[in-house]
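Let's start with one chain on its own, the form predicted alone, as structure tokens.
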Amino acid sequence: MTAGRPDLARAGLRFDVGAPAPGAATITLDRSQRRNAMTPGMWHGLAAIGQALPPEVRVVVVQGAGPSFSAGIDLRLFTPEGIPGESLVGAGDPGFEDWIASVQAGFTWLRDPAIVSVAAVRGHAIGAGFQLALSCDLRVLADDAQLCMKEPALGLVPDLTGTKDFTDLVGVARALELCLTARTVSAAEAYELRLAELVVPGAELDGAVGDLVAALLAVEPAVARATKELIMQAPRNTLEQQARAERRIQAQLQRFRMRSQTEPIPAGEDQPGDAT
């Protein structure tokens, strides 16, 4: 079904629960006439989706309408004419950093252990669009995808949470080179740099994403959540810390599974992996 949120439509977003399969939902950036260029309204709309995500949703797919994922921030925001109903908070405003935090919220929730997020990228994923793809757990690229961290060329730093995942994936030196040169990365190079889990012909993108979603949904929900929580800890843990986390989360998971077989689990109760 389609969530009935007219504010999302105004923000250039569609949110479809049950697509491409029950247990999944699809977010579509829906400003194809602007190559899905992003606005503050879109960022706050993404945050609103995350805050009200139905509990039955376990996999979230993020895609763009038309031939591009997203061309990044809508550059009309920097012109005197601007965009009606949309504005950026100025750096001189005392609430500037808080405002950035409010738009970052549209990106951070995609890493929640309760879900697995998948970016389905065709065409351009530039700047903020690239950072949105990086915020997802997995990325499936059409072979025409072009990725670029454009912000430094515009006098900005990437500030929509993308630098963490970008650096973790490609390393400090490569992240620095790609940011400061703002060069475009092809789908083939993105795969080599571990920025994509899969690259397919454009005509096969929807099918490949559907197959991936089906495989992700085949895993027991509590197991998927606990496994994601465990894997997310691994980069910052020592071997000893990770081994301890494995023991703790395994015990939590198996006790939760045993209990769930004998009595209903109240809605909202902590799931395995909730405690770090």
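In this text, residue numbers run from 1 along the sequence as written. Keep in mind that what you see is a predicted model, and the values were worked out from it rather than measured.
Although it is not shown, the form predicted in complex with acetoacetyl-coenzyme A (CAA) is what the next lines describe.
- Within this chain, R34 lines the site of acetoacetyl-coenzyme A (CAA) in the model of the complex, having a heavy atom no more than 4.5 Å away.
- Looking at A182, you'd find every heavy atom of it more than 4.5 angstroms from acetoacetyl-coenzyme A (CAA) in the model of the complex.
- Proximity of L160 to acetoacetyl-coenzyme A (CAA) in the model of the complex: non-hydrogen atoms within 4.5 Å are present.
- Within this chain, R122 is remote from the site of acetoacetyl-coenzyme A (CAA) in the model of the complex, having no heavy atom within 4.5 Å.
- This chain lacks the partner; the member of A188, I100, L176, L154 within 4.5 angstroms of acetoacetyl-coenzyme A (CAA) in the model of the complex by a non-hydrogen atom is L154.
- A heavy atom within 4.5 Å of acetoacetyl-coenzyme A (CAA) in the model of the complex is found for exactly one of I73, V140, I115, L195: I73.
- Comment: 145-153 is the region of 164-172, 145-153, 90-98, 200-208 lying near acetoacetyl-coenzyme A (CAA) in the model of the complex, near meaning a non-hydrogen atom within 4.5 Å.
- Although acetoacetyl-coenzyme A (CAA) is not shown here, in the model of the complex the stretch 103-129 places heavy atoms of H124, I126, G127, A128 within 4.5 Å of it, in sequence order.
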